[in-house]
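Given as structure tokens, the chain that follows is alone and in the form predicted alone.
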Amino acid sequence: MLQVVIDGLIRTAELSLIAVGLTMVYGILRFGNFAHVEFATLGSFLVLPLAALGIAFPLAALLAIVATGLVGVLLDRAIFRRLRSAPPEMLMIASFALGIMIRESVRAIWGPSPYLYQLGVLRPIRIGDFGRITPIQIGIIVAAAVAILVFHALLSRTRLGTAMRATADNAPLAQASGINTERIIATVWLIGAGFGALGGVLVGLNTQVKADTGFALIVEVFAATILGGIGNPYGALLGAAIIGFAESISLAINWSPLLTWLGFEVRGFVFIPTGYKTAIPFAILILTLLVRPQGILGARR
């Protein structure tokens, strides 16, 4: 179980940042941005040319995150700003098309083959008798925790955070109160796309950098966002933790006793293949929509 907890923390760190960015955009603009997960892909790939120039990896990652955030702002100005008054369905369709464009542009530039960040071989650290974690994985958890704490401080202790919360709650009233809502929207896109890029970099550190990184996470990210309460950043964190640990625990459980109890004839151990891991958040998502569609921390609308 110790290794399950470690794996759950790592998965939570990866998903939480992307889910928070997604729910921020929804909180302001009220549409599900399917292109958001592709910021994870774009950010993870932008690190590669910067690192190839000899820039230290932390600085290269920071520059890639900022660049991806600026791309998010530019895309909002070029596409979504023109669709502010359009129905949410049109915005979702536009975001879906934009996501395909980003993903295929990355594939056209870098090719379909996966990449690895060249950080050298690091010996894993043993925790107890069965737990193992690498220094990179410790860095993933710490980076995500620091980013979330900074974001919490921004929301709760700054005038910008107050303006963001006011705009998400009631944009026309916030604008009538003197808040520049378009500037707040641009800031939300900058932070949200940057968080998506950071999540993509963390995924690349733990596995590989691939052109379908974002698309492969779309079910987990949306499930975490809806489960926690879409539009609520803290709900996205809670949803990411539940999804992350549910995946780790479900893959580690021996399901043969349950199948035997249900009347199936089972011999030996039965584990869920890793290829079916996406089915776990999918099942949680369907259950959430049936039982509590507003999410755990979401309010009824």
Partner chain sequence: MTEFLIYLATTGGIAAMLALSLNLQYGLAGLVNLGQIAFFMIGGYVSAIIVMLGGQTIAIGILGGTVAAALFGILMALPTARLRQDYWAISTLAAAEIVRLFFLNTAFGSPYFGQAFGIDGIPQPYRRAFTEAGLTTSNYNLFYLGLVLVSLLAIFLILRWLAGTPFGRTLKAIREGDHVPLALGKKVSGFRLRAMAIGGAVGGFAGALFAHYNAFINPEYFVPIETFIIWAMVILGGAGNFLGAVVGTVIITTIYNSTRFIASFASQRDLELTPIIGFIFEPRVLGPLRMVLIGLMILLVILYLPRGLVPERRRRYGR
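No experiment lies behind these values; they were computed from the predicted model shown. Positions refer to the first chain, counted from 1.
Another form exists, predicted in complex with the partner chain; not displayed. Remarks below refer to it.
Although the partner is absent here, residue 82 sits close enough that one of its heavy atoms falls within 4.5 Å of the partner chain in the predicted complex. Using a 4.5 angstroms limit between non-hydrogen atoms, residue 111 touches the partner chain in the predicted complex. Contact annotation: residue 263 falls outside 4.5 Å of the partner chain in the predicted complex, judged by heavy atom distances. Contact check for residue 203: no non-hydrogen atom falls within 4.5 Å of the partner chain in the predicted complex. Exactly one of the stretches 132-140, 192-200, 145-153, 222-230 approaches the partner chain in the predicted complex with heavy atoms within 4.5 Å, and it is 222-230. Residues 275, 276, 278, 279, 282 of 268-282 are found to place at least one heavy atom within 4.5 Å of the partner chain in the predicted complex.
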